[in-house]
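Form predicted on its own, single chain, as structure tokens, below.
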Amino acid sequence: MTTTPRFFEQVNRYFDRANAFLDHPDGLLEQIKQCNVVYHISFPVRLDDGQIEVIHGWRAQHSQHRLPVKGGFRLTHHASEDEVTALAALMTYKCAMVDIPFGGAKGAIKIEKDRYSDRELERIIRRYTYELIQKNCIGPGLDVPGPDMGVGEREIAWMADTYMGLSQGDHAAAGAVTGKPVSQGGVRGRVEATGRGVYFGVREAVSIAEDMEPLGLSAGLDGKTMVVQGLGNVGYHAAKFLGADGVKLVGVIEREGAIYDPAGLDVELLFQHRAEGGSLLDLDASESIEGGREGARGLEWECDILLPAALESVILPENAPQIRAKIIAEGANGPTTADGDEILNQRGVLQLPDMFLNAGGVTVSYFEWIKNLTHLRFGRMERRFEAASNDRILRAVEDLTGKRFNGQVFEKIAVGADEEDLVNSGLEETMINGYHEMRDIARSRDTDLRTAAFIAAIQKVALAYQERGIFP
């Protein structure tokens, strides 16, 4: 049985593949490739029953070519130094790919979240935050954590509160953490941002008829089928937005098992059922598979779009030849191994790589960070002005045509953009521009989209180092 290479090694294999198209000094490329700093944190936490447990966590800062570095932190029992280092590297390249001015970082706390009470989780996260502060590893101009697997607004609020309580009046303290509740300085649209970004990226990719023709698909989303692995925040929102635009959800893969029905599945029903403690296997479907290794066979179900939105390294050399999807839309970080990627490329599968497709989260986190530094809500100054301008345009049309609009028209059109409108518009622009930059490089270099994304990212990081005078 072959052993899957370590995650960071997988990322570096993609990096090396892109290097074949570049002409930079070896020393510069080696600096970009290596992880600058990794902290392994161990600390004691008193549990509700009075016992003491030692908790392990990490924070990796892959590249400080730009500050602050940015990356979420996750709560997972399989966390490791290799995992956070690889994810931090992907964050470096992801931010560069979509022109977000951050270096890459990532963190993790090695726990099985469900084993702990809410009070215990709060103590763990507050202590983890304290340890980051002691190591000068969190701050609005240094390192900005955000949400990741197992981490939502509640956990982020604990982290933000701990930092701000120890920041001694720092005017920009709220910018030390992103993904906060709106009431604590968060930005509207952040919760669904990664899933919405996946939707924008997939929509743009399938809109190009000449790229769909070799796959035997028509342009556009309408009528396409999709299998989703992981119905968490990213998978749920991506499936929701894609479904609203005509994509039929036919399969879902989760920890407890997988279900498939070519007639279609209701994503809202599935999500709500699991949120209430139910299992996918409780629901009617034409095909069901138990969890574990067997459940992974759901990746091989027939569909147009396969959306892996859970763990890394799930598409391997062993299952890549059996995958029947025509498009792989990587909502998760690192779901495809380097060897699996090569097999899919040889088979002509269109892969939308993670370092582009799931960049919606960091994009909207960037908007939140700006909001926290400026202390100005998006839309606050311009919304009334835009509404008045739109009103004047409608009045002018009425005067020219002699026709009168009813009140509903004014209500829908003569209104300025609010914060969520502006955030979503900025996210859409970022994903569309990012896709075409990546696609143009792929076409000009005759390579795949993932390699093209790495080429774009490495070029931008290299330029940042050269502009600082570190390398000629």
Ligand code: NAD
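Remember, predicted model here, so these are calculated numbers, not experimental data. Numbers for residues come from their place in the sequence shown, where the first is 1.
Although not depicted, the form predicted together with the ligand is the subject of the following passage.
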{"item": "Interface membership of Asp304, the ligand in the predicted complex, 4.5 Å heavy atom rule", "value": "no"}
{"item": "Exercise: Gly331 in contact with the ligand in the predicted complex, heavy atom 4.5 Å", "value": "yes"}
{"item": "4.5 Å heavy atom contact, Pro147 and the ligand in the predicted complex", "value": "yes"}
{"item": "Proximity of Ala310 to the ligand in the predicted complex, heavy atoms at 4.5 Å", "value": "yes"}
{"item": "Position in contact with the ligand when the complex is considered in the predicted complex, options Gly243, Gly340, Gly175, Gly230, heavy atoms within 4.5 Å", "value": "Gly230"}
{"item": "One residue of Arg274, Arg203, Lys224, Arg188 in contact with the ligand, assessed in the predicted complex (non-hydrogen atom, 4.5 angstroms)", "value": "Arg274"}
{"item": "Which of 250-258, 319-327, 160-168, 136-144 sits within 4.5 Å of the ligand in the predicted complex, heavy atom basis", "value": "250-258"}
{"item": "Stretch 59-93 - residues with a heavy atom within 4.5 Å of the ligand in the predicted complex", "value": "Arg74"}
